[in-house]
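Just one chain follows, in the form predicted alone, and it is written as structure tokens.
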Amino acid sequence: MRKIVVMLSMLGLLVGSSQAQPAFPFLIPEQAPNQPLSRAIKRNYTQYNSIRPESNELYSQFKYTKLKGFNYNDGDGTISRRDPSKVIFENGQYYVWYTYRHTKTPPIGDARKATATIASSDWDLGEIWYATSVDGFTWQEQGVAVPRQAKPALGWRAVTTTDILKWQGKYYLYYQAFSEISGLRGDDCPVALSYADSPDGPWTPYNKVIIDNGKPGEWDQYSVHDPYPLVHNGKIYIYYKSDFDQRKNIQPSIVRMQGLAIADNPFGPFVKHPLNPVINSGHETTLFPFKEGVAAFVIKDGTEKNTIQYAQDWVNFDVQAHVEMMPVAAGPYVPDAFTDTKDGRGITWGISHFTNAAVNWKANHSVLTRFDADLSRDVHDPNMKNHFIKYTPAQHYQYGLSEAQRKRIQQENKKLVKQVNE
């Protein structure tokens, strides 16, 4: 009898507790309600800057437009353009810089077979070219900005993956400088620099390493890629990525994360941040000032891929949005990239690339494309805030099972049938 009384009392407490706890409201409150919440609901109020994607300033879909003005030799793989810089507006027009490769044959795909005229990879034997536009859709290629230098100067094999800085009325291009064939030891290339009084050049190579690989055993010991300069607190912040944690028992074996190096002037010295890597995922670097902090695209690789992140202090990043079809190697138009703003306005468009432009890898090359988005505090475009993209059945089926996977499934089915018959 005593047990029954205790159980009834506990049941009464549970019922009373359930009645005292209000249900979560049908209309989501702008502020967290004063009641117990699940961890998932708490994140709506603590991690993201909005309770819905439509009103999240750091959430967007992305629209793509084919650019006019660039010739690719009918896609035969001999011409490639990739890894665009940020877009800047000077002299009444937009400017963009990028890796340009024009070789007699497509990349051979094997560093051991590459020669002085045959590229090992899509960026091998590349130079830095630039183009201008008055509308961002039709571009006029202006030619080489930073050529490969004579051996053994820094970057004699290739100069690639550049980005632009404007500082005190002058212009600086940071880029990867290859002094060996890409692929012999991975992509081992320090960050180099050329400078000019005008975005049209002429560009003078500094001929010194600006940011070098880390020490043996450090996360960036083999690569410092994709230098991306912004101005903050009167200093130059260069974000970069590295490939590391290569393990033979895991495929793909390399992970990619992003770090930060800071200097008082364009020539350095650049000091790597002690908390590096500051972003735990991503494949290329794309950032822009936003409010008092900085926002980042985190694409392709890692535990937090396909996200847009934000760091109020420019160092400690948090996920702000999960997005689809992110631009690869995006170089956005960032009007306040170099103004040392404490009120970043965000971005609406830029240039990125597609690396799978060829019908097959025998004609491997990349093409530049335009992307548009609403990641701006000054634009309200509901069409850019749609929640998801509907992919066709054909798009899904192109990522079907491999032959090895089909064989594994067949073996599993045979095993099950055998067990039933035994």
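Start at 1 and count along the sequence shown; that's the residue number. Given the structure is predicted, the values throughout are model-derived calculations rather than measurements.
What follows is about the form predicted in complex with ligand AAL, which we do not show.
- Do heavy atoms from each of D83, W123 and K241 fall within 4.5 Å of ligand AAL in the predicted complex? Every listed residue reaches ligand AAL in the predicted complex, so yes.
- Task: Note which of D163, E284, E127, D220 lies within 4.5 Å of ligand AAL in the predicted complex, where distance is taken over heavy atoms; exactly one does.
- Result: None of the other options qualify; the answer is E284.
- Among 318 to 326, 75 to 83, 131 to 139, 336 to 344, which stretch has residues with heavy atoms no more than 4.5 Å from ligand AAL in the predicted complex? Checking each option against the 4.5 Å cut-off leaves 75 to 83.
- Message: So, H225 and ligand AAL: in the predicted complex, are they within 4.5 Å at any heavy atom pair?
- Response: Output for H225 is yes: heavy atoms within 4.5 Å of ligand AAL.
- Item | Partner proximity in the predicted complex: Q176 to ligand AAL, non-hydrogen atom cutoff 4.5 Å | Within the cut-off, so yes.
- Is any part of 143 to 157 within 4.5 angstroms of ligand AAL in the predicted complex by a non-hydrogen atom, and which residues would that be? Not one residue comes within 4.5 Å of the partner.
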